[in-house]
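The form predicted on its own is given below as one chain in structure tokens.
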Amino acid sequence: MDPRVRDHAETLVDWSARIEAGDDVIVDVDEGAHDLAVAVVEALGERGANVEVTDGSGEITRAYLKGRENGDEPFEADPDHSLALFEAADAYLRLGGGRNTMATADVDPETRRAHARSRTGIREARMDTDWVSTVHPTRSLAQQAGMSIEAYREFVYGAVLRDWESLAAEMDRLKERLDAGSEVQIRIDREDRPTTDLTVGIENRTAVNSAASVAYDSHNLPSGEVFTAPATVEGTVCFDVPMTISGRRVRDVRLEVVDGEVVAFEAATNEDALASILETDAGARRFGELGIGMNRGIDRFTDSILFDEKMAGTVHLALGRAYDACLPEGESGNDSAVHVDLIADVSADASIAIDGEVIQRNGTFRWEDGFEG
């Protein structure tokens, strides 16, 4: 076994999930993540945790959803046996790495939406745990990224095996500015695409320093972003980083936003996949997250949201559900059965400002060498 697999597992268990003796842990394993699962459950055993392993295969999910399409029974809301598993858990570790990244591409969109809506309580119970999602480098993910498996392994471990304490300290500089701010202005003006001119209200929000650990209210490994929950959104935005949504590649998304709601949209490819997301429920047309990438160990786009949204020189907004960690106590944020991130490259001809002060220009932060004021 590649020794970096064990390093990955130890980072996940110790830094990210902060597992302690006696913790009840669900390990959800994709079919290509076997080696990582072995290393993770060994580490969990050494730390005295209690482990329940489940199969998170995309192909199994497809089989179930296609089976439901062929039947007449509606989805049961939050089946008791599934809900009980998550309600009893202290932590949930998702180990991604399927054999086919497009396994569910031919599932009917309405089936997807109905299934998502039926699991609202389960989703909430899962998010009440110390949950962390990561991926094992597989050939399918390497192929999706357009890389050899050897190069993809180097890429993944370069993003995952970071000095997270040092990166957390750097990201805290951005968190402090967002916490003190009222508005974020995002401007991208390039000749080859529509202009982005978006204003996001963030007053009374708390930004999350997403340093790949539940101790920072961060739930992805790798991570390396600072994110918050928009209070208001107004303007137009073009997301130029291709993303696979519901098993379909979507490119060059343009959204027009009025009073926080998407009122017009278009995409260069698979626009209907975007439309399907927006039709999920009322909250799917509103934004639950604004995030700014800061992980310079991620140096290319790979069509994986786990990596692409953390890449330094990007900004992303998510349609749908907001995270409670960003909201004042007692306030409910945007609610939806979906949370779909869309990414824009801000490494050139772009600026991000907080209350009129530019804090990043062309991918370089104000406190970094090379910043142009």
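Numbers follow the displayed sequence, beginning with 1. This one's a predicted model, so the numbers in the text were calculated from it and none came from an experiment. Take the two forms, superpose them, and find the largest set of C-alpha atoms that agree within 1.5 Å; that set is the rigid core.
Note that the form predicted together with another copy of the chain isn't included here; everything after this is about it.
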| query | Which of A180, A169, A88, V263 has a heavy atom within 4.5 Å of another copy of the chain in the model of the complex? | reply | A88
| query | Quick one: of R119, R94, R205, H219, which gets a non-hydrogen atom within 4.5 angstroms of another copy of the chain in the model of the complex? | reply | R119
| request: Classify D80 as contacting or not contacting another copy of the chain in the model of the complex by the rule of any non-hydrogen atom within 4.5 angstroms, answering yes or no. | output: yes
| task | With heavy atoms only and a cut-off of 4.5 Å, decide whether S332 touches another copy of the chain in the model of the complex. | result | no
| message | Is D324 near another copy of the chain? Define near as a heavy atom within 4.5 Å, in the model of the complex. | response | no
| 4.5 angstroms heavy atom contact with another copy of the chain in the model of the complex for G67 | yes
| task | Check, residue by residue, if H34, A49 and E76 all come within 4.5 Å of another copy of the chain in the model of the complex, counting heavy atoms only. | result | yes
| task | Work out which of the listed stretches, 333-341, 300-308, 314-322, 53-61, brings a heavy atom within 4.5 angstroms of another copy of the chain in the model of the complex. | result | 53-61
| query | Honestly, after the rigid core fit, is D335 moving at least 2 Å at Cα between the shown form and the other one? | reply | no
| task | Compare the position of the CA of E59 between the shown form and the other one after a rigid core fit and state whether the shift reaches 2 Å. | result | yes
| query | I122: CA shift of at least 2 Å between the shown form and the other one after core fit? | reply | yes
